[in-house]
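Next up: just one chain, as structure tokens, the form predicted on its own.
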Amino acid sequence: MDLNLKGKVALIAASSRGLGKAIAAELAAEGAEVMLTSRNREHLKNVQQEILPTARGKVEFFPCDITNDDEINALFKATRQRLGNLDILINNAGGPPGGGFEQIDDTAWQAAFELNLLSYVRLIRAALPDLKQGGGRIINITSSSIKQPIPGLVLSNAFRMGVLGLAKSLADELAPFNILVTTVAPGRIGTDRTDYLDQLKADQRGIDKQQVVNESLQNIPLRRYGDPVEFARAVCFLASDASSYMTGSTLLVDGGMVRGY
């Protein structure tokens, strides 16, 4: 199937590692013009060089702290200058620290709000002038916590749901401009973030990390963690013309882990 992504301009937040990096690589391989961004210039440069051999479009990078509105505006200015007007916005951010309610202070709550919810608001606001011209895609990366809360991750449980509510509202408001808004929720995907959470749980329980992994696998019908490429392919589908009648939707990529309807 031709996804018709060739020449589309895509900006992927938090794309120097993990799921963001995998999404950027897949979009570039499909022919999209890709803008990488994260706070670390050296990491971005390395990812650019890694992606270029399989890319069928341009791959650029621009460092940006997505909790800083001025830096976001500079990012979009650079994207337009180097690649043209935006067609696809992939909202993504590193997960907030783990911990239960009584372990989290106001500083951590504020930081998680700015990183995992307000940054999405600001990125969307900056993207709208481009997307309103010819339609496009806004894809929000969240977590399986939008379907069932994850113990010990109160910050993620709270703010990922905020992103879901935002996406549902925007799907209605932006439909007249042919801007489709979707949410993608990863389950246990093999990234540094998943490794961190497994180690955190192991440390809290005083057990070996592999025991935590084995227990997690028992809750996944496919009995394995997902590969970031598998997740990225699902995102590419939503970014493409193949998903032209999907908006306001939520897609779980979790190997069957979430049992709820």
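All residue numbers refer to positions in the sequence shown, first residue = 1. The structure displayed is predicted, hence computed values, not measured ones.
FYI, the form predicted together with a small molecule isn't displayed, but the following is about it.
Remark: of stretches 166-174, 101-109, 88-96, 126-134, the one touching the small molecule in the predicted bound form is 88-96 (heavy atom within 4.5 Å). When the small molecule is considered in the predicted bound form, E60 lies well away from it, no heavy atom lying within 4.5 Å. In the predicted bound form, the small molecule lies within 4.5 Å of some heavy atom of R188.
The shortest heavy atom separation between R39 and the small molecule in the predicted bound form is within 4.5 Å. In the predicted bound form, T194 approaches the small molecule with a heavy atom inside 4.5 Å. Only one of the listed residues (E215, D65, D227, E50) places a non-hydrogen atom within 4.5 angstroms of the small molecule in the predicted bound form, and that residue is D65. None of I141, L83, I179, L155 but one reaches within 4.5 angstroms of the small molecule in the predicted bound form through a heavy atom, and that residue is I141. Heavy atoms of no residue among K147, T183 and M246 are located within 4.5 Å of the small molecule in the predicted bound form.
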